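Next up is one chain by itself, shown in structure tokens, the form predicted alone.
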């Protein structure tokens, strides 16, 4: 599918978050519905600040029940070991055959710190600096196995080519990792990294490390300004700014029918609430909003969180997405099989294989 009017492809994602849902069907069915709509990926939030299932484990259960849609769990970096985090995300990429992402987040409260008992809560700036270091070391560990390091040579009894395994030797401000990883390089090379770049401390990490940045804003002008800031910052870090996708994050309440957007919501734009920018209206009006913001280059797409998970996701897929597809603004099938392919992102080269890094 070609991009309309010279714009990049429209990307759409949805959150699967549900309160007090622990059974698999609560997540498998909605993920399959989102996949039927051709969405790029689904997310599942996680935090140590409230009870709930482990997002990465839940999406590992969803992986064999889906075939194309990307799976992006939130995995916090503050109280978890970087080595374990990267191995778990790499494993999700393997079991989903290249559809894994990872939304980085931090734990800022003293209550979360007490659960682990290893250190006190720290300021957000420090936690996001640490998150950036963990994103960096994760990439190095994913590259610590070259793609053809696993040889499984029964004649010689050799499982790996040791010359193609690399030590990382990363010293961060609060941790040290030596490596190599215990998981071979993931199918995508680097699973897709997602960062909510709405707040200042996270924005630098998003510009440097994220493949997808989420921004919670209420208007296209603000979104356009944040997108430009992120792209400029990415370029200053030596990245190609076109490899960063910026999605607007909206909470959506699609109501109980096809009614028009309420003034101050869909009709006049989303309204700021304690839960984030809220769109309230009908599926048709949401399609108009999505098309307008995307056409004006405010965003590369949207990440949508349904207020009523089952009702609103069904109306999003069968109403909003169907209309966008009818207008030729959104894909009707997946042209590839990996999340990177959905997002139009190349598979990263292995930094050690390219540079011949020390092993």
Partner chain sequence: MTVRTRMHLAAHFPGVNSTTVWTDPRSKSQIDFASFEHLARTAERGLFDFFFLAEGLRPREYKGRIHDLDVVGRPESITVLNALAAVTERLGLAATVDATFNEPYELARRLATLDHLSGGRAAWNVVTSSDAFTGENFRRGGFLDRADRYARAAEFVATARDLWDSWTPEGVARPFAHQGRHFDIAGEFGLPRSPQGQPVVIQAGDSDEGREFAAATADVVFTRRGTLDAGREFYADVKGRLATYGRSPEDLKIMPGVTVVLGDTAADARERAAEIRHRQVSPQNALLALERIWGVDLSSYDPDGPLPDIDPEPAPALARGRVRVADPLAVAERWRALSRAKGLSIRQTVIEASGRQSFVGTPETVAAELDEFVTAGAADGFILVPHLTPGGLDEFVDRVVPLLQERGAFRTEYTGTTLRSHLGLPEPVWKG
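Residue numbers count along the first chain shown, from 1. A quick note: this is a predicted structure, and the numbers were derived from the prediction, not measured.
One more form of this protein should be noted, the form predicted in complex with the partner chain, which is absent from this view; the next part is about it.
Visitor: Just one stretch in 290 to 298, 52 to 60, 324 to 332, 309 to 317 has heavy atoms within 4.5 Å of the partner chain in the model of the complex, so which one is it?
Guide: Among the candidates, contact is made by 52 to 60.
Visitor: Does residue 231 reach the partner chain in the model of the complex, with heavy atoms at most 4.5 Å apart?
Guide: No, no contact at 4.5 Å.
Visitor: Consider residue 236 of the chain shown here, and say whether it contacts the partner chain in the model of the complex, taking contact as heavy atoms within 4.5 Å.
Guide: Contact with the partner chain, no.
Visitor: Please check if residue 81 has a heavy atom lying within 4.5 Å of any heavy atom of the partner chain in the model of the complex.
Guide: Result yes; residue 81 sits at the interface with the partner chain in the model of the complex.
Visitor: Please check if residue 243 has a heavy atom lying within 4.5 Å of any heavy atom of the partner chain in the model of the complex.
Guide: No - in the model of the complex, heavy atoms of residue 243 and the partner chain never come within 4.5 Å of each other.
Visitor: Tell me, which of 286, 71, 195, 134 has a heavy atom within 4.5 angstroms of the partner chain in the model of the complex?
Guide: Checking each option against the partner chain in the model of the complex, the one that comes within 4.5 Å is 134.
Visitor: Only one of 139, 122, 87, 278 comes within 4.5 Å of the partner chain in the model of the complex by heavy atoms, so just point that one out.
Guide: Contact with the partner chain in the model of the complex is made by 87 alone.
Visitor: Who in 141 to 162 is close to the partner chain in the model of the complex, meaning a heavy atom within 4.5 Å?
Guide: Contacting residues: 145, 152, 153, 154, 155, 156, 157, 158, 159, 160, 162.
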